[in-house]
Structure formats: C-alpha cells, structure tokens
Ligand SMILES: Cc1cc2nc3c(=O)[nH]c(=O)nc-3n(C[C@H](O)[C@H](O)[C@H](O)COP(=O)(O)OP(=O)(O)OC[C@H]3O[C@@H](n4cnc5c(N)ncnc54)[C@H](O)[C@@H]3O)c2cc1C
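What follows is one chain in structure tokens, specifically the form predicted alone.
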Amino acid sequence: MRNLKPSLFSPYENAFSPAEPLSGYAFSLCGGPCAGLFRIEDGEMLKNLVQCCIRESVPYKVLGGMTNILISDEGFDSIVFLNRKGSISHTIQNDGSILLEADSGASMAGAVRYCIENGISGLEWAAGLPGTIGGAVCGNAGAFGAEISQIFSSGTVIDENGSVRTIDNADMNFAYRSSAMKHQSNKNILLKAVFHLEKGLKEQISAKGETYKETRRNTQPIDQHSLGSVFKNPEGESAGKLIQAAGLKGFTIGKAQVSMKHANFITTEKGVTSTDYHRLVVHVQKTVFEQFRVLLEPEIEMLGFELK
C-alpha cells in the first residue's frame, strides 16, 4: 500500500485518513483498506481533490453509498473519496416542468423526500432505494419499469484532465444498469446531475412512494445487509427465478447467504469477508450455468476480483 503524505492534498490534509479499512462504510460489511480516504463535504472539495490527484498522478476512486460495490479483502492501492453529502434544488421551467439539480453525493432517499416535500413527480419509483445520486446515475438505477436514463437531462463532470464540463443524456450511453461512466473509470467524475421531472400533488407522490417502499419490504431483504440485486436479469429471464430454480435459496458460504426472501440478493452479517461473498457469487454463476446454460452477469461492481 502506497505511503502518501497528507501535505499532497493541501488545504484538505487534515481530512486525510491513511490506510482506512472500507468494511466500516460498505453495506456488505466487508472490504479491505485503501491507501487513504477523504470524506467529501461538498462538490467543490471533490472537484479540488480530484484535480489534485490528477496533477500528482495519484490513483483515486470515488465511492458513494457503497450499496452496489464489493471491495476485496486485500483492498486497493488508491485514494478513496467517500462522496455522501450534497445539496438538492429545483427550478420551474416555462412549460411548467421541473429541473431537479442534485450534487452527486446527495442520497437517493434525500432526493425522494425533497420531491415529496416540493410536489415534484417522476422519482417515486426510487423510494426506498439506497445509495447516492452519483451511483444511481452511473449504474442507471431503476425499478418498477422506470430508470434514471428516462429522467436524466444533463450533468456536470470533471474529466480525466481535470477540466469541468457539461454532458447531456446522449453522452451517457445509458443501457440496462449501465452507462458510459460505469465502464470508463475516472474518465468523467460526476459532480452534479439535473433531472427533468414534472409538477405533482404531494399526497399522490407520497402515496406512490409508500406503495413502492411497501413492495420492496415485501419482496426484498431490506432489513438485512446486502448489495441489492447481485446479477442483471438475462434477456427474457429473471435472475432471481433462475437462482431459485437452481435450489440455491439459503445457500451459504461463511457469513454470506443467498437470501430466502429474494434469490437475487446475497445477505451478509457481521464477520463476513469479501472472499465469502465472492465465492458465493461464483458458485451461483456456475450452478445456474450448469443447470440452465445461462451465464449470469454481475450487476454489482467488484474491485480486486476476477470472476472465473
């Protein structure tokens, strides 16, 4: 693990935490150390620190809620920017539509609450969704037939050269649980996103959100630690149904278990290792392929692993 001087990151050197274990920040409860960690306070801090790393040729990774990423037990030799704070605002357009602007570190839950409080419709489907705006945009998060790509208008990014610029929906190359940002690490770091939404009635928006949250409570293990859906749904298939049909519900390796409530979730408990989780992912892949000749593709991002 590289030894970095805090003075490299002036004027933020006092916020630098060297060799920080990531297990304490991950929804999975596991993950090794990084070379150093910064808890980002706002978009300006993120921008300045990314530019610093580019200038000093220091590798870095921006992480948000860590609700959809598995870090190996060995960790990784990179600076981590834990981006979990941000503001949200909106403007009303001449046609009556709404532009919702959110920092990438703002939480999805906070964005949904903001929309309910201000009578803004179009994000109800995200009620109960964990993680941050940045992670949702990069992974094209979606549920109940809706997804980020349908509402994303534009974004402010910092590119690999440290320049700040604006991108639009077409630049994102959105696909199922994917985007250009997800597959081009550090080429563009999202600082802010703008979503095109509509005016609505608070009571109706709130009611829809509660319906979606209740559906999640009834069908997903949201009261346990997990990283959400582990695998993408193959075309015309349901990953969860294939895993269940393979008899894998409840299958356990170490402290990681295929959820009894929804087979496309892996739940974890205190003492779990990333190796437990990874071995279980590989076992599920192999079993489903042997039985149905379908290779499940992970939806979660894995750092420090190679899937067999």
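Each residue number is its position in the shown sequence, starting from 1. A quick note: this is a predicted structure, and the numbers were derived from the prediction, not measured.
Another form exists, predicted in complex with the ligand; not displayed. Remarks below refer to it.
**Q** 186 to 194, 93 to 101, 201 to 209, 233 to 241: which one contacts the ligand in the model of the complex at 4.5 Å, heavy atom to heavy atom?
**A** The contacting stretch here is 186 to 194.
**Q** Is G43 part of the interface with the ligand in the model of the complex - any heavy atom within 4.5 Å?
**A** Taking the distances in the model of the complex, the answer for G43 is no, it never comes within 4.5 Å of the ligand.
**Q** Spell out, yes or no, whether the shortest heavy atom distance between H262 and the ligand in the model of the complex is within 4.5 Å.
**A** Taking the distances in the model of the complex, the answer for H262 is no, it never comes within 4.5 Å of the ligand.
**Q** Mark F251 yes when one of its heavy atoms lies within 4.5 Å of a heavy atom of the ligand in the model of the complex, and no otherwise.
**A** Although the ligand is absent here, F251 would stay clear of it in the model of the complex, with no heavy atoms inside 4.5 Å.
**Q** Please tell me whether any heavy atom belonging to L63 falls inside 4.5 Å of a heavy atom of the ligand, as the geometry stands in the model of the complex.
**A** Yes, L63 lies within 4.5 Å of the ligand in the model of the complex.
**Q** What residues of 135 to 154, in sequence order, lie within 4.5 Å of the ligand in the model of the complex by heavy atom?
**A** Stretch hits, in order: G135, A136, C138, A141, G142, A143.
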